[in-house]
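Just the one chain here, the form predicted alone, laid out as structure tokens.
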Amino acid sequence: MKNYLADRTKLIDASGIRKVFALGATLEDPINLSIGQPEFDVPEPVKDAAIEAIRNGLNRYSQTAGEAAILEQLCPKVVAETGWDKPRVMLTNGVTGGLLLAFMALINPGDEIVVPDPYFVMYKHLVRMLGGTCVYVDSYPDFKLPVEKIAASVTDKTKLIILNSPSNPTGGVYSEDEIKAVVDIARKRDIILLSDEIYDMFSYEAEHLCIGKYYDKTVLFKGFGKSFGMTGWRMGYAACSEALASLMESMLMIQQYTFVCAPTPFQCALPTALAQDMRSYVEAYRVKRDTLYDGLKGTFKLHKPGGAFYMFAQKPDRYASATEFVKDAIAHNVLIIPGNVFSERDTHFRMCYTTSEEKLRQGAEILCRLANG
């Protein structure tokens, strides 16, 4: 039979996260620590704003960059976080949609993209489909930003350095010294930093540090899905300074021929979302983090995450790989993700603590029991 598929389809596989998520739908009352989806729902006032927009007929295309009134509210927020004068801002179909636009606008075949390992799974596959090469920089065992290794990895082919703080899958949060050191590398070699800050609200030990504050050749990606429980609404935004204005123009042109615009009625709910006080939600996740960490720390080798809602633990020694441990955990009704989904290693596994404290305690007990044999 004739092969009709493009060669690039051979470079990717079905998401390992989605495979486990789909499996969870077939199990009866699983302890689901798999997918990064908040268990809280969209706040009622935000739902009401979206419903009102729909009923008022705001269901057509918006401008490519988004509704002007919404962008006017986001710009001062970006200015306050970065200090940029007159930033460029556009709404995207989630942070992932924005990442695709930026990668398409920047990456040529043969370009090298420096990626700290572990990494968010999408980076690897998008770069490969566009003909780029990921240069993985190992951050094990403590998942701090590996500054010296990044410096050693930069070549004349380096197009981007990708940063993600707070991190998926480790929950790691970069320190100011680490950020400044990587900025120094990028500035000396005139390299763009791509900063994925989707989890900026979930920073538990210190105020979130926006990387754009330290370097004007940073393209920022932020979103609303994780922070407001609206992952299915696909609401994100990208921002850059005047130094990268041409990049934003290219992203807008690509948006015209792909996503067209972000969903208009959900755009109209964003001002209401921005007015919500979400501190109680963040505090609830701090408690969930501590519950899971306390349940595992005596048995597993792991670092207490400073942000996001993930934990990345080393497999028990008695298992040959993290994948084998994950299979055993799933057989015991605990859904977790093997670390090789996010890494060039198969030594760790990811847990997401977006479930009840009781489920977290149950899950930790089962995982510890398996680890101890």
Ligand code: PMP
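Every value quoted in this text rests on a predicted model; they were computed, and no experiment measured them. For every residue, the number given is its place in the sequence shown, counted from 1.
Absent from the display: the form predicted in complex with the ligand. The rest refers to it.
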Inset, instruction - Evaluate I198 for contact with the ligand in the predicted bound form, applying a 4.5 angstroms cut-off between non-hydrogen atoms, and reply yes or no. - result: yes
Inset, instruction - Check whether Q255 has any heavy atom within 4.5 Å of a heavy atom of the ligand in the predicted bound form, and answer yes or no. - result: no
Legend entry - Heavy atom of P87 within 4.5 Å of the ligand in the predicted bound form: no
Legend entry - Residue contact check: T96 to the ligand in the predicted bound form, 4.5 Å heavy atom: yes
Inset, instruction - State the residue from Y123, Y204, F300, Y136 whose non-hydrogen atoms include one within 4.5 Å of the ligand in the predicted bound form. - result: Y123
Inset, instruction - Could you check which residue among K213, H208, K217, R234 gets a heavy atom within 4.5 Å of the ligand in the predicted bound form? - result: R234
Inset, instruction - Look at the stretches 190-198, 172-180, 280-288, 70-78 and give the one with heavy atoms within 4.5 Å of the ligand in the predicted bound form. - result: 190-198
Legend entry - Triplet K315, S321 and S343 all within 4.5 Å of the ligand in the predicted bound form via a heavy atom: no
Inset, instruction - Determine the residues of 200-227 with a heavy atom within 4.5 Å of the ligand in the predicted bound form and present them in sequence order; the list may be empty. - result: K226
